[in-house]
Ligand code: DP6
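Here you get one chain, nothing else, as structure tokens; it is the form predicted alone.
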């Protein structure tokens, strides 16, 4: 029996991913750009050689249905690439609330891809790991990499991958404003499908996102925090607007979420470089310079924005932390 254990961290998309061109391969309708964080890691162990079927455990609970099927999709891909057929015993532990819009799946599938490739002896570079992780969760392809990463949408399995970006600007921080840890009522996958199929705003989202991604990539290359932040906030609001147009409408943002967006705008009007974003959930993240993070949290609390705040910084990519057996 051999076991490989990997850890990975969630990422927050600055230029958002929302909607797929290919559901099976998880090819996105447009590219995206993200910041991998240094908080809320997921640790996953993949063991071979002692099971007659795949077993998947998350936080001590055996997974079944769609959640288990997504893990098997990644395992099947690694088995196909490695030429090996053993079943796997997968044990994963999250430190972020699952399905609350805090990118738990990104960390989970980046860790799974990394651990599984190592366990099956697959010689995979980061680009291949990114493509493998994508098959479990699109955003996971970005958590393979540290700090800033861009997911190139591509048109097929080979061309849809993430890659790291260099940042020469000031140290970045991401303040996570947790307004709810409840499991969301509709999954990101289901919400994406409904948006693609029924929102009249979706084509405009795709078109505008492609242009925004290029502008954001330029801002990263220039180390321009404020342009990066402005585009981050634009991308989030446009993504949620596309969901509002779905039939029936999808609304992840709560009253507390909107209040946080307003509070961030108020701080910005007072001279602080702070920019809000939100994924498929109610929790709001604030992009800022690391040196300003304490002042921003203090300002939000003084305004009365009701949330629990966690200050994160740029984090590491997925990596192996332990190997046991042959």
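Residue numbers count along the first chain shown, from 1. These numbers were taken from a predicted model, which means no experiment stands behind them.
Same protein, other form: the form predicted together with the named molecule, not shown, and the subject of what follows.
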- Task: Using a 4.5 Å heavy atom cut-off, indicate which stretch of 220-228, 207-215, 181-189, 161-169 touches the named molecule in the predicted bound form.
- Result: 181-189
- Query: Hey, in the predicted bound form, does residue 239 get a heavy atom within 4.5 angstroms of the named molecule?
  - Reply: yes
- Using 4.5 Å between non-hydrogen atoms, is residue 136 touching the named molecule in the predicted bound form? yes
- Message: Contact with the named molecule in the predicted bound form for residue 289, defined as at least one heavy atom pair within 4.5 Å: yes or no?
- Response: no
- If you check in the predicted bound form, is residue 70 within 4.5 Å of the named molecule, heavy atoms only? yes
- None of 267, 37, 280, 260 but one has a heavy atom within 4.5 Å of the named molecule in the predicted bound form; the exception is 280
- Task: Any residue of 1-37 with a heavy atom within 4.5 Å of the named molecule in the predicted bound form counts; write them all down in order.
- Result: 13, 16, 17, 18, 20, 26
